[in-house]
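The form predicted alone is given below as one chain in C-alpha coordinates.
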Amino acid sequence: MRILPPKIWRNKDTHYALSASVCEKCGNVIFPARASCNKCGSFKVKLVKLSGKGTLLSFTKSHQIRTGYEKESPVYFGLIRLDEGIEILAPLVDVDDDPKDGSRVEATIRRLRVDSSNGLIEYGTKFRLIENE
(Lines give C-alpha, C1' and ligand atoms only; values in the text may rest on other atoms or scores of the structure.)
Protein backbone atom coordinates (compact mmCIF):
# COMPACT_ATOMS: atom_id res chain seq x y z
CA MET A 1 0.00 0.00 0.00
CA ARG A 2 1.39 3.37 -0.99
CA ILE A 3 2.07 5.95 1.70
CA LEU A 4 1.45 9.54 0.64
CA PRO A 5 3.58 12.09 2.58
CA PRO A 6 1.12 14.99 2.03
CA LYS A 7 -1.68 12.92 3.59
CA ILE A 8 0.50 12.02 6.58
CA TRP A 9 1.46 15.68 6.99
CA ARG A 10 -2.18 16.81 6.91
CA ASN A 11 -3.17 14.20 9.52
CA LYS A 12 -0.10 14.51 11.76
CA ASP A 13 -2.08 15.98 14.66
CA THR A 14 -4.37 12.94 14.82
CA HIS A 15 -1.69 10.35 14.00
CA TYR A 16 0.70 11.32 16.77
CA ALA A 17 -1.66 12.41 19.55
CA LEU A 18 -5.16 11.54 20.65
CA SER A 19 -7.46 14.51 20.42
CA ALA A 20 -11.19 15.00 20.71
CA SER A 21 -13.73 17.77 20.45
CA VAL A 22 -15.68 18.97 23.46
CA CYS A 23 -18.99 20.71 22.86
CA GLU A 24 -19.15 24.01 24.72
CA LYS A 25 -22.95 23.86 24.70
CA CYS A 26 -23.72 20.37 26.05
CA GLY A 27 -20.30 19.08 27.18
CA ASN A 28 -20.36 16.06 24.87
CA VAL A 29 -16.91 14.61 24.08
CA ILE A 30 -16.54 13.64 20.40
CA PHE A 31 -13.86 11.24 19.21
CA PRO A 32 -12.37 11.51 16.69
CA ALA A 33 -12.51 15.30 16.76
CA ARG A 34 -15.17 16.93 14.62
CA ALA A 35 -16.22 20.47 13.77
CA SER A 36 -19.72 19.97 15.20
CA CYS A 37 -21.32 18.15 18.10
CA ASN A 38 -22.92 14.84 17.18
CA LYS A 39 -25.33 15.12 20.12
CA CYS A 40 -26.77 18.65 19.92
CA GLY A 41 -25.48 19.82 16.50
CA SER A 42 -23.66 22.86 17.89
CA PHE A 43 -20.61 24.19 16.05
CA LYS A 44 -19.20 25.60 19.29
CA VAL A 45 -16.64 22.87 19.95
CA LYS A 46 -13.07 23.09 21.13
CA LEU A 47 -10.22 20.71 20.41
CA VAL A 48 -8.67 19.01 23.45
CA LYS A 49 -5.79 16.58 23.78
CA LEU A 50 -6.68 13.35 25.53
CA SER A 51 -4.52 11.81 28.25
CA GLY A 52 -3.90 8.66 26.24
CA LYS A 53 -4.49 6.51 29.32
CA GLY A 54 -7.36 4.17 29.91
CA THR A 55 -8.64 0.78 30.99
CA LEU A 56 -8.74 -2.39 28.91
CA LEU A 57 -12.36 -3.57 28.85
CA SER A 58 -11.87 -6.58 26.61
CA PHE A 59 -9.47 -7.90 23.99
CA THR A 60 -9.21 -10.31 21.11
CA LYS A 61 -6.22 -12.21 19.77
CA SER A 62 -5.81 -12.85 16.06
CA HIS A 63 -3.50 -15.31 14.38
CA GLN A 64 -4.55 -14.22 10.88
CA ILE A 65 -1.70 -11.99 9.76
CA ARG A 66 -1.03 -10.29 6.44
CA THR A 67 1.74 -11.73 4.33
CA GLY A 68 5.07 -10.34 5.47
CA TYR A 69 3.98 -9.77 9.08
CA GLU A 70 4.05 -13.40 10.28
CA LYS A 71 6.70 -12.63 12.92
CA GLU A 72 4.23 -10.35 14.69
CA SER A 73 1.66 -13.12 15.24
CA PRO A 74 -0.48 -13.18 17.29
CA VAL A 75 -1.77 -9.60 17.28
CA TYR A 76 -4.02 -8.21 19.99
CA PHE A 77 -6.80 -5.67 19.69
CA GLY A 78 -8.38 -4.11 22.75
CA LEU A 79 -11.60 -2.35 23.59
CA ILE A 80 -10.34 0.53 25.72
CA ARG A 81 -12.20 3.07 27.81
CA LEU A 82 -10.08 6.20 27.93
CA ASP A 83 -9.98 8.19 31.16
CA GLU A 84 -12.14 10.82 29.42
CA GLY A 85 -14.93 8.23 29.01
CA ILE A 86 -14.47 7.46 25.32
CA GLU A 87 -14.41 3.83 24.23
CA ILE A 88 -12.16 2.93 21.31
CA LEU A 89 -10.90 -0.19 19.59
CA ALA A 90 -7.13 -0.14 19.14
CA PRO A 91 -4.18 -2.46 18.59
CA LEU A 92 -2.21 -3.55 21.65
CA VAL A 93 1.59 -3.85 21.55
CA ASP A 94 4.27 -5.34 23.80
CA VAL A 95 1.90 -8.09 24.90
CA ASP A 96 3.64 -11.31 25.98
CA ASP A 97 0.72 -13.17 27.57
CA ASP A 98 -3.00 -12.63 27.27
CA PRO A 99 -3.77 -9.35 29.04
CA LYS A 100 -6.34 -9.19 31.82
CA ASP A 101 -9.55 -7.21 31.49
CA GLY A 102 -9.34 -4.12 33.66
CA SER A 103 -5.61 -3.61 33.02
CA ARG A 104 -4.41 -0.05 32.63
CA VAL A 105 -3.11 0.94 29.19
CA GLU A 106 -1.48 3.98 27.63
CA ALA A 107 -1.08 5.26 24.09
CA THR A 108 2.26 4.94 22.37
CA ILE A 109 3.54 5.77 18.89
CA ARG A 110 4.52 2.75 16.83
CA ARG A 111 5.20 1.87 13.22
CA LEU A 112 2.02 1.06 11.34
CA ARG A 113 3.42 0.09 7.95
CA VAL A 114 6.21 0.58 5.42
CA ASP A 115 5.69 1.51 1.79
CA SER A 116 7.62 -1.12 -0.16
CA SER A 117 7.92 1.13 -3.21
CA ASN A 118 9.71 4.07 -1.58
CA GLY A 119 10.64 2.95 1.95
CA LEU A 120 8.50 5.54 3.75
CA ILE A 121 7.35 4.53 7.22
CA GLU A 122 3.97 5.52 8.64
CA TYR A 123 3.59 5.80 12.40
CA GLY A 124 0.44 5.89 14.46
CA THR A 125 -1.10 5.29 17.86
CA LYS A 126 -1.25 1.90 19.53
CA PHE A 127 -1.68 0.99 23.20
CA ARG A 128 0.55 -0.85 25.65
CA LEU A 129 -0.08 -2.20 29.11
CA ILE A 130 1.03 -0.15 32.12
CA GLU A 131 2.69 -2.39 34.69
CA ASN A 132 2.46 -0.41 37.91
CA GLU A 133 -0.54 1.85 38.05
Partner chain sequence: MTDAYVSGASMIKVDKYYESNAIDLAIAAVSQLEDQLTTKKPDMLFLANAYSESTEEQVLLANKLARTLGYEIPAFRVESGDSSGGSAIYSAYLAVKSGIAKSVLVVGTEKLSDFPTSHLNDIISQNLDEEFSYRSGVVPQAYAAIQMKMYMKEYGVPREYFAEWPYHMHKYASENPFAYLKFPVEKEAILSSQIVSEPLRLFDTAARSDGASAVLITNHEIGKKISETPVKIEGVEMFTSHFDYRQLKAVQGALKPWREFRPDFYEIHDSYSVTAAMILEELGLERGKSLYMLDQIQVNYSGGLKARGYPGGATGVYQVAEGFMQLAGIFKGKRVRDANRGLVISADELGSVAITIGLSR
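Residue numbers count along the first chain shown, from 1. Keep in mind the model is a prediction, meaning the values are calculated, not measured.
Another form, the form predicted in complex with its partner chain, is not on view; read the next lines as being about it.
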Residues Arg34, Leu57 and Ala90 are flagged as a possible site; in the predicted bound form, is every one of them within 4.5 Å of its partner chain by some non-hydrogen atom? yes
Of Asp94, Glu106, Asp83, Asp101, the one that lies within 4.5 Å of its partner chain in the predicted bound form (heavy atoms): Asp101
Would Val29 count as touching its partner chain in the predicted bound form under a 4.5 Å heavy atom rule? no
Find out whether any non-hydrogen atom of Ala20 is located within 4.5 angstroms of its partner chain in the predicted bound form, and reply yes or no. no
Exercise: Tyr69 in contact with its partner chain in the predicted bound form, heavy atom 4.5 Å: yes
Close approach of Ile65 to its partner chain in the predicted bound form, 4.5 Å, heavy atom: yes
